[in-house]
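Consider the single chain below, provided in structure tokens and representing the form predicted alone.
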């Protein structure tokens, strides 16, 4: 398995390591639930160096990204601003969901998912040829996500010197250079914080300084329950190349205007929209005891109308929650088939948790 530059530190901290998309990654450092609460109430950090940073440069890079992405990078007026978007195939299916940062008029940076790295790089490189855009994988960087209500203040302590002065006024969904790092005010937990792109040779030193600033190490298990509570999709579970943004709750990321922008997959999802989308992504809350798991059937009046795409126990809410892709006609209640039994569940709006508080 592949190892991040922080692998030895995880082992020294007695992390439970698992295979995550071909990477040897920490699932937890003892208690996944404790790590979840640390992020919601204080500050924790994740090694996300398995994610792939891709730099795209050239005179035509803006036009290229307007073709490549369903969202429109022309919205990015201020340098450093970030944009969340899906990258679609010709059939309108999601190749990946990603964040793209506007560095300057000839330079954009994007971060793609670990599990889709090879196909993403191949697709991006192929599409870039017609625009003479240079595509560079930045495998010389590691990335550490520091998340939680106290994350930024503690990160400033770890970064030292004038970090607070240089970074404190940065707005959410922006990126800024600091020393030889890139610090983005983004994340995948529903909490405030940073995703810090640091040269791989300096990653261990930064991780150690964050530990000294009382930022707790957290594993990918907590990251998954946090993103689920926050209503954030997981590629490969809630969407894939057979699912369009309109079927996974990401229609808000599609920029339909200007009408003449012919992004890849536009004609397919336009037809789907005109014909009427048959399925949608909803939130479910289990009314009884149990834990909702992926791929369990969702039933209404004895008929199967969909399935769970992401399910887990919510540490913040102390009950089972899930995303499910279901027929658009679903009402306010349903049942989930669990071990031969049908357990009542309530259909709710996503997200389940915002700013550490229940949305139910």
Partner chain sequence: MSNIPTELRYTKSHEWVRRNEDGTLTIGITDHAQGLLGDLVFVETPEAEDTFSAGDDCAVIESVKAASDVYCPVDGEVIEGNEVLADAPETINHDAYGDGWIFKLQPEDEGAFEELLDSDEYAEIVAEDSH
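Given the structure is predicted, the values throughout are model-derived calculations rather than measurements. Positions refer to the first chain, counted from 1.
The same protein also has a form predicted in complex with its partner chain, omitted here; what follows describes it.
The chain is drawn here without its partner chain; in the model of the complex, the stretch among 321-329, 25-33, 66-74, 48-56 whose residues come within 4.5 Å of it by any heavy atom is 25-33. Contact check for residue 335: no non-hydrogen atom falls within 4.5 Å of its partner chain in the model of the complex.
Under a 4.5 angstroms non-hydrogen atom cutoff, its partner chain in the model of the complex lacks residue 85 among its neighbouring residues.
Within this chain, residue 290 lines the site of its partner chain in the model of the complex, having a heavy atom no more than 4.5 Å away. In the model of the complex, its partner chain lies farther than 4.5 Å from every heavy atom of residue 342. Residue-level contacts in the model of the complex: of 100, 225, 244, 233, one residue has a heavy atom within 4.5 Å of its partner chain, and it is 225. Contacts between stretch 300-316 and its partner chain, counted in the model of the complex as any heavy atom lying within 4.5 Å, involve 312, 313, listed in sequence order.
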